[in-house]
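Encoded as structure tokens, the following chain is the form predicted on its own, with no partner shown.
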């Protein structure tokens, strides 16, 4: 038997009254806050308009020509121009005793041509509603709270700022927009204090009224409760027993249901985690292996072909290292999405780990089917993408193996596709390659070379050999030396740099190798000088990977400090590919040049670069590649290129060095063409330090002897060879 329903007058009244009081108080508070905030904003806006007029009256003559000529200029040029005109100091002096804490000036294109915070110069606000309104002659303002704000006087914390976009009127024209930031923190704080007092007083009054009404209602409620108690007493015990039993049964049933659901969910999660990649959601290596085994069995039964595509992203490690793992993870997710969109519903795409993906194409009719899919995948991956304001370019190398031609089990098919992928990378990346049996031998040899190279430094297998450079004018005299890495492996014997340097570049080992060569060369140069042998300069090659590292300047500085070698005795050689492939190559080279070291462009003419870079790079020397020197006497085109490079270098105030000189005919041509220095087997091969020192001393003695003969006879002698 159910008990009679009780109307809880006190409860309903207290809740309803409280809600009405809260709603009324909130409405009044919001209205007061809105009105006062609007008054503060209007007042600050008028102040900003007045200060903008002061800015225009006082400083626009200094800004007008600068703003008019700002279109098309870079942020660096704008900062330099603003600094030259002293705009920062003039603006700070004008606004110093006002509430204005930042000033920005935009041209009509929305480009930030000036800001008291120089880091914001160059930003584009053409789509900003405030800028658009000001350009249409309507001043607009916005009140915001900033946790951190850079002002004239430095960084400020927890400030309320009113930003106003105000048109700059110059006669009947609006040549630009000025944005003023006013610190309204004191007004806002005062506003909050006033509102707090008003709300506290109102809350106290409302609460007292609420208590008085509640006392009256509670008195009436007590009368009703006494009447209700008599009716409920007879049913209370029975209802309590029924309720307790029902609660126990419901609790037991709910517990059982929760346990079942939790176990099912845990099992499903474990199954999913065991078979899927947590980052991309793609099948993982385990599920891929199981599926490939099933696909091979199915293809064997139906006598169909299938293809395995091994996909590896090109230079993903560079992106991951320079931009961070968060950007790398988002890139992998986007690549997975792009790849999935190019496959059939029945095809399987899996992520094996890192930047490696693999795909199973079932029931293909011919290898051309796999080719078409690989073409689509490489093209889709190569499309531009932007992640966290970074415009990225990515490509992929794909290796393809076929069942049953390249293997009849899952393991062999995957290994064959992996081997073919490395062959695609070897042939320039952003391509695909089918597996051939010859690739297995190459892959084994390359893996062995990579494994042995990683331990070459610690096992003292590497040496630095030195090749002499000769200055050529009327005579030849030793002018410098180039340091070159050599590897003598206990297992492989003498390994050519043509073989191990590319492997070092691809694996990233070139960073450690290059630093070791640099430090060894600097120490050797310092030792020669300490023993009284005056070698003017030593050249060391600098790779793309080394220049990409942010600490390259510190590495060079440390090598110089450690050896005691003066900076002008060190020359760093870079190739054209370094200039074109490193984002801030010019900035990095300028920082190196500020150390005092010399810079040279190696293998000039063999790569692709803009000649405009030569006027921007802080280089001193161009090295003419040996491929042009070899053609002297046989190829007029090579000779013309050499003459053009020497003439261009001379006009730019650069010296020239010719590599690979092996014959007297080549030497005679280069001397006649005006080349400054010669390097090659004609004067000496790369040699260990002791042998090189003997060759240097012999060349230096021969040069001194020739000078003495000339001074004694006053005759023009033939050059010493």
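These figures come from a predicted structure and were not determined experimentally. Positions refer to the first chain, counted from 1.
Just so you know, the form predicted together with a small molecule exists too; it's not on screen, but the next bit is about it.
Residue 573 is the only one of 573, 150, 334, 461 with a heavy atom lying within 4.5 Å of the small molecule in the model of the complex. Think of it this way: in the model of the complex, the small molecule has a heavy atom of just one of 510, 417, 589, 472 within 4.5 Å, and the residue is 510. Just one listed stretch, out of 275 to 283, 170 to 178, 363 to 371, 483 to 491, contacts the small molecule in the model of the complex at the 4.5 Å heavy atom level, and that stretch is 483 to 491. For the chain shown alone, residue 496 is a contact residue for the small molecule in the model of the complex, at least one non-hydrogen atom being within 4.5 angstroms. Of the heavy atoms in residue 467, some are within 4.5 Å of the small molecule in the model of the complex. Proximity of residue 29 to the small molecule in the model of the complex: non-hydrogen atoms within 4.5 Å are absent; the residue sits far from the partner. At a distance threshold of 4.5 angstroms between non-hydrogen atoms, residue 662 is in contact with the small molecule in the model of the complex. At a distance of at most 4.5 angstroms from the small molecule in the model of the complex, none of the three residues 317, 422 and 506 contributes a non-hydrogen atom.
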